[in-house]
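Next up: just one chain, as C-alpha cells, the form predicted on its own.
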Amino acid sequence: MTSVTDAAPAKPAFRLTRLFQGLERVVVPALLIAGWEAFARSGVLPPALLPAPSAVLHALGDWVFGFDETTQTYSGHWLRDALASALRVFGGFALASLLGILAGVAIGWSRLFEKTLEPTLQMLRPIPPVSWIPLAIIWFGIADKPAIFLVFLGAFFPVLMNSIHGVKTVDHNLVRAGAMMGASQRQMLTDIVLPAALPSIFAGLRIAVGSAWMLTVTAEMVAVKSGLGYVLWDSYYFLRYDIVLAAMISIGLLGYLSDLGLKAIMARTLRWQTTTTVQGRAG
C-alpha cells in the first residue's frame, strides 16, 4: 500500500516529465526559426527575397490585428480570409467523408459493389485533382463551388481507400461469431464490421483533411478571389514574400488544428480500442 509520503514526491516528478515533453515539441521549431533568422540577417539574400521570421511575424500580426497597415489591403482581414478557406475545406471534406465512407464500406462488404464501382473509381483515382481546374471553372464559375469540388476530389479517395481496407481487414472470426449467434447481414455490418473498421476510416479522414487544405489553397490561387490561397498568390505578384510566408504559416496552423480536432474525435470514438489495448498489455 502506497503511503502519503511516497505519493507526495510523485506530483513534482510528473510535472517535470510533462514539462520536458512539452519542450521536446518546440525544440526543432525553435532551432529552425533561430537558424532562419540568423541566415536572413546574414545578408546572403536580400530581405525582400527572404524575410526574417520577425518580419513575417510582424506581417502576420498586422494581417490579423491591423495595427499599422503594413500588409495594406489585407490589414486586419485575416479572420475573414481564414473563414473563407475553412468553409471551403470543411464543405468539400464533409461531402468527401460521407460519400467516401459509404462507397468504401459498400465496396469492402459487397462483391457486387466491388465489381461494379471499384474499377471506375480506381481509374479516376490517379487523375490529379488540379487537372480538373479548367472543367471546374467551366462548370461552376469563379466562386466557392469549384474550390469545394476540388477539395472533394482530393479528400474523397483517401477516405474511400482506407474505408475499403478497414472493412476488408476485419477479423473474419468476429463475423463468423456474429453469424453463429443469428445476426443478420445488417446487424453484422453495423455492430461488428463498422466498429472494427473505424481505426482505418479515421486514418483516411486524417489524410483527407490535410489534402483538403492543400487543394483549397490551390483552387483559391486560380478559381476563387478570396481566402488564404488567394492572399498568398496575390502577394506573390506584388513581391510581398513576408505575406506569402505568413499565409503559408496560417495554412499550416489551421491544418494542424483540423487534425487535432479529428484526433480528439477519434480518441473519444475509439475509447474502447484504447481500453482493450491497455488490458491486453497488462495481461
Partner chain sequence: MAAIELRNIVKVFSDKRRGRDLLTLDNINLDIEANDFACLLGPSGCGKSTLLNIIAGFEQATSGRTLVDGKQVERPGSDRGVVFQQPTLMPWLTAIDNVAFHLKLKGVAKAERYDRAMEFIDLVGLRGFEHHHPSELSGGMNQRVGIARALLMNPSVILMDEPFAALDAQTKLEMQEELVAIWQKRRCTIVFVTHSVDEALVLGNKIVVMTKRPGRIREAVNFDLPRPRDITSPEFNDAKRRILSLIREESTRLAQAS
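No experiment lies behind these values; they were computed from the predicted model shown. Numbering follows the first chain given and starts at 1.
We do not show the form predicted in complex with its partner chain, though everything after this point is about it.
- Under a 4.5 angstroms non-hydrogen atom cutoff, its partner chain in the predicted bound form lacks E114 among its neighbouring residues.
- When its partner chain is considered in the predicted bound form, M123 lies well away from it, no heavy atom lying within 4.5 Å.
- Contact check for N173: a non-hydrogen atom falls within 4.5 Å of its partner chain in the predicted bound form.
- Put simply, M180 is close to its partner chain in the predicted bound form: some heavy atom of it is within 4.5 Å.
- Checking 192-200, 157-165, 78-86, 114-122 against its partner chain in the predicted bound form, the stretch whose residues place heavy atoms within 4.5 Å of it is 192-200.
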